[in-house]
Structure formats: structure tokens, C-alpha cells
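Below you will find one chain, with nothing else, as C-alpha cells; this is the form predicted alone, and questions on how it binds or moves follow later.
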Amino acid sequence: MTNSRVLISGAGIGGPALAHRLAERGFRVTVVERAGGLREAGYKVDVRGSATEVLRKMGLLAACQAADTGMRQITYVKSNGAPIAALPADLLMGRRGDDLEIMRWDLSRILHDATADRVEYVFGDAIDTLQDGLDGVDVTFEKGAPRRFDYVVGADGLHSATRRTVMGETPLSHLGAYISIYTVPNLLGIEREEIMYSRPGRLVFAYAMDRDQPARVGLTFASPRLDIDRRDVAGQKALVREAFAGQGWKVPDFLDAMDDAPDFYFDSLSQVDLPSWSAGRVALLGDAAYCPSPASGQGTSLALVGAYLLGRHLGTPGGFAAYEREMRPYVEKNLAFGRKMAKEMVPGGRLSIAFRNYGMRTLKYHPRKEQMIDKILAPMHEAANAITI
């Protein structure tokens, strides 16, 4: 089915990836994005397993490999900054074959640039209402004129407005922690290195691509679900300060830099687990449909694979059902992995931290360290390759 009109809400990863597939099939695609342009903020993301095959089929794997972060080392430190262990990043993160790590905005830019001449991008606007009918979806926008589309896809993230519009309020599955990520001055002087620092119930990480570039810092803390206003940035920053007060190392410097950060991000480690990803002529994609949480490291891969499959089936008889039927086992495997990693991401008590630090300190001397890491990371590889493209 060609020449049908499709509206995609969200110009992050899944939206442009779906637009790429649909444009190749002859659809007329519009992508609407609330932000005024491509988001230049963000963090590094992994593309693993089956998702790298999607990039290959899109003809974008080489461009993404050229933008790989090239992280060389992960270093664990004590509260005084002394190193506990330093290990090769590829070893510790278990990268295989064409697996890559890329800054989120680089991947977003690559996908956008590959589709900009065939896809209509509307920045600075958002869907206001959707009226799903037998022969189309009538859409009103916050700023633009009303339009009718044959299909609408929500690729608008964890807190998807599209999902809320067509499915009502759907509670997120809280995984017991919150995370904040933002840009800070590179006071550590690190280059293609990530520093990890743990305290009971808290994890701090910082990385930078170059000594002359800013660093990104992540602050994760264990917590039950909190009543947080997503629009109250000042309140979110106050929570982060309270959670990390007196935690040592460079944490006070990171907290001091928070107010000057242009890209402060705060959210829960949560999952989206829905019984269905579509209603009528509206479907969901990526985090809007099946967010595995940042703890999994698989959100970007799920978005890419989901875009490829939805792009294959959209507009065909029973297309949404076929998309879900093929995608669901892969999603379930990655949701399970995300739940597992959320428990391990934030360290427990001092004893568990000491045990982990001892393991990291001695690992580099182990003659079979590669095999040990492969065994530990086997669930990740299984999840990343749980579908054939």
C-alpha cells in the first residue's frame, strides 16, 4: 500500500527510523516534534545484536560506526578518587561484532539526514487531539492546521502523549530507582573514558569524549516511587541534591554544576508493558510502547528493530497485529533483562560494593577474563539477538 499518509509523533530514534522504512515503500510521511529542532542533548546509547542488522539494511551502519564514541576504558574509583580497577570498555560492556556505542544526538542526526529529502519534518509543534475513523485519523495540532492521515504512530517516548490519548493513563512499572544525567565541565580531564563510583544505594558515572569537551554525569539512586511533577525541574534537582549530599569523590562538584547544565534530565527507571501496541489506525513504537528502562541499555535497539518491523507491516491487512506478533517475544526478553539489570545497576550495601570492587580489581589478572565476562553478560547477548531480521 503506497501513497498513504502517515503521521509520526517524535523525531528521536524510532520516528525517523520508521520514516526511513515507510518512505522507501512510497508512503507520504510527516514527523512532528515538539522540540524546535533535533535535540542536541542526550547521552551515549548502545546498538547491539539484531539492531545493527537493521542499520545495515538501512545503509546507515557505516555512518554510525564512524560516529562511535570509541570509549577505551572504564575505571572504578574510591571516594578519594584513587582507582580500584581500570578495564577495557569493549571487554566490560561485552560488545561483539558490529555492536556500537554512539551519542544519541549523533544517531538522531544520521537518521534525520537520511530521510530529510523524502519526509516532512515539522518542529516546534505537537499533536493536540486525535479522532480515529474508518477511513482515516483526523488530527489537530497545538499550532498547525488540522490534517487527516491514514495512520498515526506515537514514537514520543516513555511519557507518550499519543499513548495517553488513545489508551488513557497507563501506569509505568517502576523499577526502584531514579536517574539524572546532565552536562558538566570536564574537571576530571578524561578522554574516551568512563569513571564509575558507587555508594550504598547510589551509582555515579561520568564520561567524556575529549579532554577539551564537556563531560556527562549520571546520578542514579534507589528509591520507591515518588510523587514527582515532571515539569518541576527545580523540585527534581532538589531531590538529586538530597539523595547525593555528602557522598564524596567529585559529587559535590557535579551537584554545583547542575544549575548551569543546559540539558538536565531526570526520570524514574521505569518500563512500559502494554497488552497491545495499537488501537484502530494508531500504533505505538519504541519507548512509547515497550520501554525497557535505561538500565537495560536496549531501548535504542528496541526502537530500531520495532521501526523496521512496523515499517514492513504498516498498511498491510492485519499489519499492526503482525508487527506485534513478530516483535513481542523480542520485547519480552528485553523487558526481563531490564528488570534484572535495574536490580544490579544501583549497588546495595557496603559489603556488596566491596565484593564487586574486589572482582573488578582482580579480573584483569584472570587468564580467562573474556570467558568470564561472556558468561556474566550472556543474558544481554541473548536479549539483543532474540529476533532475526
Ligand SMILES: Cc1cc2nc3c(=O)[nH]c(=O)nc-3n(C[C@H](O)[C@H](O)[C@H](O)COP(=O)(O)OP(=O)(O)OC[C@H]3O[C@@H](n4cnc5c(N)ncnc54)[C@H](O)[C@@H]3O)c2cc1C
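All values reported here derive from a predicted model rather than from experimental measurement. Just count from 1 along the sequence shown to find any residue number.
The discussion below concerns the form predicted together with this ligand, not included here.
Colleague: Okay, which stretch from 352-360, 28-36, 55-63, 318-326 lines this ligand in the predicted complex, with non-hydrogen atoms inside 4.5 Å?
Modeller: Contact criterion met by 28-36 only.
Colleague: Given this ligand in the predicted complex, answer whether the residues Gly15, Leu285 and Gly299 all have a heavy atom inside 4.5 Å of it.
Modeller: Per the other structure, all of Gly15, Leu285 and Gly299 touch this ligand.
Colleague: Which pick from Leu203, Val166, Ala126, Ala257 sits with a heavy atom within 4.5 Å of this ligand in the predicted complex?
Modeller: Of the candidates Leu203, Val166, Ala126, Ala257, Ala126 is the one lying within 4.5 Å of this ligand in the predicted complex.
Colleague: With a 4.5 Å heavy atom cut-off, would you call Arg104 a contact of this ligand in the predicted complex?
Modeller: Contact check for Arg104: yes, within 4.5 Å of this ligand in the predicted complex.
Colleague: Even though the partner isn't displayed, in the predicted complex is Val346 close enough to this ligand, meaning a heavy atom within 4.5 Å?
Modeller: Close contact is absent here: in the predicted complex, Val346 is far from this ligand, nothing within 4.5 Å, heavy atoms only.
Colleague: Spell out, yes or no, whether the shortest heavy atom distance between Val305 and this ligand in the predicted complex is within 4.5 Å.
Modeller: Result no; Val305 lies far from this ligand in the predicted complex.
Colleague: Please tell me whether any heavy atom belonging to Leu310 falls inside 4.5 Å of a heavy atom of this ligand, as the geometry stands in the predicted complex.
Modeller: Contact with this ligand, no.
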